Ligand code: NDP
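The form predicted alone is given below as one chain in structure tokens.
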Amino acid sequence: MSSRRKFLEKLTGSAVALAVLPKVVSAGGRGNDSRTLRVAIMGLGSYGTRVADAMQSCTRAKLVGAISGTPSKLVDWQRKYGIAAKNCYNYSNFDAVRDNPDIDAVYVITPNALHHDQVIRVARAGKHVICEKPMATDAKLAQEMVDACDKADVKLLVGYRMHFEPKTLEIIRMRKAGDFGKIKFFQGLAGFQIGDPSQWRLNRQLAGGGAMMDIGIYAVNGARYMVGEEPVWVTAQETKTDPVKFKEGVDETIQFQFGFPGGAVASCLSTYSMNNLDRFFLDAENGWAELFPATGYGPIRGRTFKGELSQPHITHQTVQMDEMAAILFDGKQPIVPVDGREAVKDMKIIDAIFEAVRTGKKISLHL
């Protein structure tokens, strides 16, 4: 089990998912709300297992395939989830999904640096792609993934589970309704103390960085959907207390700041060396909102100047996969986008954060 998973579970506690999920409402497109999204998961680690477990409660998405470089995992998944052997592949032969009519989409949940090539191969095989975030290790590679999916005429979605989280969406609804008035400030804190120094998340070649890629992206993305604007500049500062554990190119702690066109500013922190950091705070001329915890696996807790938020908790990955079925099959438009172009914006911002750290300069953003 990964350190990050342990952190999130410890921070947010456990919760029993509701037995009945809300009915998905289609918004145009094919409008066939009985069609099930048949998914193969690529990467059978701790988070892949979490998604697989959550999908057992889905109403519109079903786990039907598995892709792994470890044969024993494939055998275990066949037994645990009732997956047919013909729907299992390894990293060398998964291009053969092109000839498998039982699979509609592949969910890529592998180390960050592998996403680019794997997503492009899935697209060329003619299957829709869901990719875990960060979508790539930089914006250039992310854009290539978007282009490849466009060329293959398949959809590319990204695992932004918080874009479907009810308390998060309530704050976004209030902002859009004008309840807060002019947004002034956002604070996003994201961090935990990472464990095993040999894990891939501390390997620059596999992770593309350190804490920013793993947990800091939540604050980057959260600033955008909480403020409701795209940042136009960024500044950033890095702190490294353990250069042995956090080698060159693997960030331990980065503080970063955004400016938005409406005048709001954001102050965020991403770290692998401090616990108790999973908080979003939004301040505005007429009120405020807070999520704490803001991005853990649940339950999310929130309040605004009007009181506590009481929306029920449903397992995030269950909701995400059902909603993605509606996006792919019904043309449903999510309140906050979850497509590849949304992910490219996050990668452009992260690239700029790293540039600001290197140069000490304020970096202009053009998203």
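As the structure is a computational prediction, the values presented were derived from the model and not from experiment. Residue numbers run from 1 along the displayed sequence.
This next part talks about the form predicted together with the named molecule, which is not shown.
Stretch-level contact check against the named molecule in the predicted bound form with heavy atoms at 4.5 Å: of 176-184, 280-288, 240-248, 113-121, the positive one is 113-121. The partner is absent here, but in the predicted bound form a heavy atom of Leu206, alone among Leu206, Ala84, Val75, Leu169, sits within 4.5 Å of the named molecule. Contact with the named molecule in the predicted bound form holds for none of Ala54, Gly65 and Asn100, as no heavy atom of theirs lies within 4.5 Å.
Of the heavy atoms in Tyr91, some are within 4.5 Å of the named molecule in the predicted bound form. By the criterion of a heavy atom within 4.5 Å, Leu269 is excluded from the residues contacting the named molecule in the predicted bound form. Asp214 belongs to the set of residues with a heavy atom inside 4.5 Å of the named molecule in the predicted bound form. The named molecule is not drawn, but in the predicted bound form it has no heavy atom within 4.5 Å of Phe292. Of the residues in 180-218, those that come within 4.5 Å of the named molecule in the predicted bound form through at least one heavy atom are, in sequence order, Trp200, Arg201, Leu206, Asp214, Tyr218.
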